[in-house]
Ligand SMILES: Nc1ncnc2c1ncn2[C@@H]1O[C@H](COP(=O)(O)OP(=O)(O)O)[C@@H](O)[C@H]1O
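In the form predicted on its own, a lone chain appears below as C-alpha coordinates.
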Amino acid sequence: MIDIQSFSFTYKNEAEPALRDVSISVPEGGFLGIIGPAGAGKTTLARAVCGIIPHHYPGDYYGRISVGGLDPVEASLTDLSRLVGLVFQDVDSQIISTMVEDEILYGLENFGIPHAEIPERIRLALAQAGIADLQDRTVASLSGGQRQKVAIASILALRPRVLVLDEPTGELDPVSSRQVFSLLKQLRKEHGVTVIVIEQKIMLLCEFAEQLAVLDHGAVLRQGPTREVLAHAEELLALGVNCPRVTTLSRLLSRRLGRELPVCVNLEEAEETARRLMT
(Lines give C-alpha, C1' and ligand atoms only; values in the text may rest on other atoms or scores of the structure.)
Protein backbone atom coordinates (compact mmCIF):
# COMPACT_ATOMS: atom_id res chain seq x y z
CA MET A 1 0.00 0.00 0.00
CA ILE A 2 2.82 2.43 0.91
CA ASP A 3 6.25 2.16 -0.65
CA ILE A 4 8.96 4.72 0.10
CA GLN A 5 12.25 4.28 -1.73
CA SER A 6 15.43 6.31 -1.12
CA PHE A 7 13.40 9.40 -0.19
CA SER A 8 15.19 12.57 0.84
CA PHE A 9 13.72 16.02 1.37
CA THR A 10 15.14 19.42 2.24
CA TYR A 11 12.75 22.26 3.03
CA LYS A 12 13.16 25.40 0.97
CA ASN A 13 15.75 27.77 2.46
CA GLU A 14 17.03 25.06 4.82
CA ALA A 15 20.63 23.89 4.59
CA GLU A 16 20.19 20.40 6.05
CA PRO A 17 17.76 17.73 4.78
CA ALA A 18 14.83 16.86 7.02
CA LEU A 19 14.85 13.29 5.66
CA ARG A 20 17.79 11.35 4.24
CA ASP A 21 17.53 8.28 2.01
CA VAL A 22 14.45 6.86 3.75
CA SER A 23 13.10 3.50 2.52
CA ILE A 24 10.00 2.06 4.22
CA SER A 25 7.21 -0.25 3.04
CA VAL A 26 3.83 -0.79 4.70
CA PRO A 27 1.51 -3.51 3.32
CA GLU A 28 -2.21 -2.97 2.91
CA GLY A 29 -3.85 -3.29 6.32
CA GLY A 30 -0.48 -2.94 8.08
CA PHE A 31 0.28 -0.86 11.16
CA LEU A 32 3.57 1.06 11.30
CA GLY A 33 4.65 2.99 14.37
CA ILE A 34 7.18 5.78 13.87
CA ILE A 35 9.34 6.83 16.81
CA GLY A 36 12.39 8.99 17.31
CA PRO A 37 13.69 12.06 19.16
CA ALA A 38 12.46 15.59 18.46
CA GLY A 39 13.62 16.85 15.08
CA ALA A 40 14.11 13.35 13.69
CA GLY A 41 11.87 13.99 10.66
CA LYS A 42 8.75 12.13 11.79
CA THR A 43 6.25 14.85 10.89
CA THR A 44 8.04 15.51 7.60
CA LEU A 45 7.56 11.85 6.68
CA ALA A 46 3.85 12.06 7.50
CA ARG A 47 3.50 15.16 5.31
CA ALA A 48 5.25 13.43 2.43
CA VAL A 49 3.02 10.35 2.56
CA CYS A 50 -0.07 12.57 2.44
CA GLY A 51 1.24 14.77 -0.36
CA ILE A 52 1.39 17.93 1.74
CA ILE A 53 5.04 17.72 0.77
CA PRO A 54 5.75 18.93 -1.89
CA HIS A 55 2.36 20.59 -2.67
CA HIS A 56 2.34 22.91 0.38
CA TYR A 57 5.95 22.67 1.55
CA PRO A 58 8.33 23.17 -1.40
CA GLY A 59 11.90 21.99 -1.33
CA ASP A 60 14.39 19.54 -2.79
CA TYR A 61 12.65 16.21 -3.29
CA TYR A 62 14.53 13.02 -4.19
CA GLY A 63 13.50 9.39 -4.39
CA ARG A 64 10.05 7.91 -4.84
CA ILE A 65 6.87 7.47 -2.79
CA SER A 66 3.88 5.40 -3.85
CA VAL A 67 0.63 5.38 -1.86
CA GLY A 68 -1.99 2.99 -3.18
CA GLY A 69 -0.41 3.36 -6.62
CA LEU A 70 -0.44 7.18 -6.52
CA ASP A 71 2.69 9.32 -6.64
CA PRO A 72 2.22 12.24 -4.18
CA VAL A 73 4.25 14.49 -6.51
CA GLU A 74 2.11 13.85 -9.56
CA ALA A 75 -1.31 13.22 -7.98
CA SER A 76 -3.50 16.11 -6.87
CA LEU A 77 -4.10 16.71 -3.18
CA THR A 78 -7.78 16.07 -3.84
CA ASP A 79 -7.08 12.59 -5.17
CA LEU A 80 -4.62 11.86 -2.36
CA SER A 81 -6.98 13.04 0.36
CA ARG A 82 -9.61 10.59 -0.89
CA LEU A 83 -7.09 7.84 -0.22
CA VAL A 84 -5.13 9.11 2.80
CA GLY A 85 -6.46 10.76 5.94
CA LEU A 86 -4.08 12.80 8.12
CA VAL A 87 -4.65 13.84 11.72
CA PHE A 88 -2.22 16.63 12.57
CA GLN A 89 -0.31 16.93 15.81
CA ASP A 90 -1.77 20.44 16.18
CA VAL A 91 -5.48 19.73 15.72
CA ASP A 92 -6.42 23.40 16.07
CA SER A 93 -4.74 23.99 12.70
CA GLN A 94 -6.97 21.29 11.20
CA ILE A 95 -10.39 22.26 12.57
CA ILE A 96 -12.07 25.06 10.63
CA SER A 97 -15.74 24.97 11.72
CA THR A 98 -17.35 26.42 14.81
CA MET A 99 -19.71 23.48 15.41
CA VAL A 100 -18.74 19.83 15.81
CA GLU A 101 -21.31 18.52 13.34
CA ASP A 102 -20.29 21.13 10.77
CA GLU A 103 -16.67 20.03 11.06
CA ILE A 104 -17.60 16.48 10.09
CA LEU A 105 -19.96 17.76 7.41
CA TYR A 106 -17.36 20.03 5.78
CA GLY A 107 -15.20 17.23 4.41
CA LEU A 108 -18.16 15.13 3.31
CA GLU A 109 -19.66 17.97 1.27
CA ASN A 110 -16.31 18.88 -0.27
CA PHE A 111 -15.84 15.28 -1.37
CA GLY A 112 -19.28 15.20 -2.95
CA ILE A 113 -20.65 12.44 -0.73
CA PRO A 114 -24.34 11.87 -1.61
CA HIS A 115 -26.59 13.77 0.81
CA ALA A 116 -28.51 10.61 1.65
CA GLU A 117 -25.33 9.08 3.09
CA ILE A 118 -24.15 12.06 5.12
CA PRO A 119 -26.28 11.75 8.31
CA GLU A 120 -25.24 8.12 8.82
CA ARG A 121 -21.58 8.89 8.13
CA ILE A 122 -21.63 11.68 10.69
CA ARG A 123 -23.37 9.49 13.27
CA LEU A 124 -20.99 6.58 12.77
CA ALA A 125 -17.81 8.71 12.79
CA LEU A 126 -18.82 10.44 16.02
CA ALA A 127 -19.70 7.09 17.60
CA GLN A 128 -16.40 5.52 16.51
CA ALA A 129 -14.47 8.41 18.01
CA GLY A 130 -16.49 8.15 21.23
CA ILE A 131 -17.96 11.65 21.01
CA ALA A 132 -21.57 11.08 19.92
CA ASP A 133 -22.67 13.36 22.76
CA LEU A 134 -20.66 16.27 21.34
CA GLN A 135 -22.47 16.51 18.00
CA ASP A 136 -24.30 19.75 18.82
CA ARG A 137 -21.48 21.40 20.78
CA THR A 138 -19.35 24.35 19.66
CA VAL A 139 -15.70 23.53 19.04
CA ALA A 140 -14.66 26.43 21.29
CA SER A 141 -16.39 24.78 24.26
CA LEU A 142 -14.37 21.55 23.94
CA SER A 143 -11.25 20.47 25.77
CA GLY A 144 -8.04 19.77 23.88
CA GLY A 145 -8.69 16.04 24.01
CA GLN A 146 -12.23 16.45 22.74
CA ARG A 147 -11.04 18.58 19.82
CA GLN A 148 -8.52 15.88 18.99
CA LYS A 149 -11.34 13.34 18.81
CA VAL A 150 -13.35 15.67 16.57
CA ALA A 151 -10.38 15.87 14.18
CA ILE A 152 -10.17 12.08 14.14
CA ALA A 153 -13.93 11.76 13.55
CA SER A 154 -13.80 14.20 10.62
CA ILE A 155 -11.21 11.97 8.93
CA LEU A 156 -13.04 8.73 9.75
CA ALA A 157 -16.20 10.06 8.08
CA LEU A 158 -14.32 10.18 4.77
CA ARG A 159 -13.42 6.47 5.05
CA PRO A 160 -9.84 6.66 3.79
CA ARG A 161 -7.86 3.52 2.97
CA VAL A 162 -4.80 4.92 4.77
CA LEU A 163 -4.73 6.73 8.11
CA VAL A 164 -1.69 8.78 9.17
CA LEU A 165 -1.83 10.14 12.71
CA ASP A 166 0.80 12.46 14.16
CA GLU A 167 0.74 11.98 17.95
CA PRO A 168 -3.04 11.45 18.05
CA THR A 169 -3.17 10.87 21.81
CA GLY A 170 -1.09 13.86 22.87
CA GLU A 171 -4.07 15.57 24.53
CA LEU A 172 -5.85 12.40 25.66
CA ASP A 173 -5.97 10.63 29.01
CA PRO A 174 -4.92 6.95 29.24
CA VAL A 175 -8.45 5.60 28.77
CA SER A 176 -9.15 7.76 25.71
CA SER A 177 -5.70 6.98 24.30
CA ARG A 178 -6.40 3.27 24.43
CA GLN A 179 -9.81 3.84 22.83
CA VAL A 180 -8.12 5.52 19.86
CA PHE A 181 -5.73 2.62 19.35
CA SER A 182 -8.52 0.08 19.77
CA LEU A 183 -10.45 1.95 17.07
CA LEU A 184 -7.46 1.77 14.74
CA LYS A 185 -7.25 -1.97 15.38
CA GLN A 186 -10.95 -2.32 14.56
CA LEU A 187 -10.62 -0.32 11.34
CA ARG A 188 -7.76 -2.55 10.22
CA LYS A 189 -9.63 -5.73 11.04
CA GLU A 190 -13.01 -4.77 9.57
CA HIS A 191 -12.01 -2.50 6.67
CA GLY A 192 -8.36 -3.29 5.93
CA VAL A 193 -7.26 0.28 6.69
CA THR A 194 -3.50 0.85 6.60
CA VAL A 195 -2.27 2.79 9.64
CA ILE A 196 0.83 4.89 10.32
CA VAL A 197 1.12 6.45 13.79
CA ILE A 198 3.74 8.81 15.17
CA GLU A 199 3.48 8.45 18.92
CA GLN A 200 5.31 9.25 22.16
CA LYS A 201 3.32 6.79 24.30
CA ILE A 202 5.63 3.96 23.40
CA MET A 203 4.13 1.17 25.49
CA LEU A 204 0.69 1.75 23.98
CA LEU A 205 2.08 2.06 20.46
CA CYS A 206 4.12 -1.14 20.75
CA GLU A 207 1.08 -3.08 21.89
CA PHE A 208 -0.72 -2.35 18.60
CA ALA A 209 1.93 -1.66 15.95
CA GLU A 210 3.23 -4.62 13.98
CA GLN A 211 6.25 -2.71 12.67
CA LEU A 212 8.39 0.12 14.04
CA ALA A 213 10.61 2.61 12.25
CA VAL A 214 13.11 4.57 14.33
CA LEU A 215 14.15 7.93 12.86
CA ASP A 216 17.17 9.93 13.92
CA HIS A 217 18.44 13.09 12.21
CA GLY A 218 16.21 12.35 9.23
CA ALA A 219 17.46 8.81 8.64
CA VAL A 220 15.95 5.43 9.45
CA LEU A 221 18.10 4.03 12.22
CA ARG A 222 16.15 0.80 12.63
CA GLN A 223 12.98 -0.71 11.23
CA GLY A 224 11.29 -4.07 11.40
CA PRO A 225 8.86 -6.07 13.52
CA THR A 226 8.16 -4.29 16.80
CA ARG A 227 9.74 -6.93 19.02
CA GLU A 228 12.93 -7.00 16.92
CA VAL A 229 13.34 -3.23 17.10
CA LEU A 230 12.75 -3.22 20.86
CA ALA A 231 15.50 -5.79 21.27
CA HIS A 232 17.81 -2.80 20.79
CA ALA A 233 16.37 -0.94 23.78
CA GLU A 234 19.75 0.36 24.94
CA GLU A 235 20.38 1.94 21.55
CA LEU A 236 16.95 3.59 21.59
CA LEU A 237 17.43 4.93 25.09
CA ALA A 238 20.77 6.42 24.04
CA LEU A 239 18.85 8.35 21.37
CA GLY A 240 16.45 9.68 23.98
CA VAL A 241 13.63 7.41 22.81
CA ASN A 242 11.71 5.83 25.66
CA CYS A 243 11.00 2.11 25.55
CA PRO A 244 8.23 0.29 27.38
CA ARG A 245 9.41 -0.20 30.95
CA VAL A 246 8.76 -3.91 30.70
CA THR A 247 11.06 -4.03 27.67
CA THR A 248 13.81 -2.21 29.55
CA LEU A 249 13.35 -4.60 32.48
CA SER A 250 13.56 -7.71 30.31
CA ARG A 251 16.75 -6.47 28.63
CA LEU A 252 18.28 -5.62 32.02
CA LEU A 253 17.47 -9.09 33.34
CA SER A 254 19.02 -10.65 30.24
CA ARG A 255 22.30 -8.88 30.96
CA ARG A 256 22.25 -9.62 34.69
CA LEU A 257 21.45 -13.29 34.23
CA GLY A 258 23.79 -13.74 31.32
CA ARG A 259 21.19 -15.37 29.10
CA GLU A 260 18.75 -14.18 26.49
CA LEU A 261 15.20 -13.61 27.72
CA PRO A 262 12.16 -12.84 25.54
CA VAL A 263 11.64 -9.16 24.69
CA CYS A 264 8.59 -8.14 26.72
CA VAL A 265 6.19 -5.67 25.16
CA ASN A 266 3.37 -5.62 27.72
CA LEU A 267 2.69 -6.41 31.36
CA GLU A 268 1.28 -9.85 30.63
CA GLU A 269 4.50 -10.92 28.92
CA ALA A 270 6.62 -9.48 31.74
CA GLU A 271 4.54 -11.37 34.29
CA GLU A 272 4.95 -14.62 32.37
CA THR A 273 8.72 -14.12 32.15
CA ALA A 274 8.92 -13.44 35.88
CA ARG A 275 6.96 -16.61 36.66
CA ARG A 276 9.32 -18.70 34.55
CA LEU A 277 12.35 -17.25 36.28
CA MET A 278 10.94 -18.09 39.70
CA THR A 279 10.14 -21.72 38.89
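Quick note: we count residues from 1 along the sequence shown, nothing fancier. Quick caveat, the model's predicted, so the values are computed rather than measured.
The same protein has a further form, the form predicted together with this ligand, not shown here; the description that follows concerns it.
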Residues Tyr11, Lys42 and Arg47 all lining this ligand in the model of the complex, heavy atom within 4.5 Å: yes
Heavy atom within 4.5 Å of this ligand in the model of the complex - the one residue of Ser97, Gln89, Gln128, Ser177 that qualifies: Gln89
Proximity to this ligand in the model of the complex, single hit among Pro37, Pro27, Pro225, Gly69 (heavy atom within 4.5 Å): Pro37
Contact test in the model of the complex: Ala18 vs this ligand, heavy atoms, 4.5 Å: yes
This ligand contact at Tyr57 in the model of the complex, heavy atom, 4.5 Å: yes
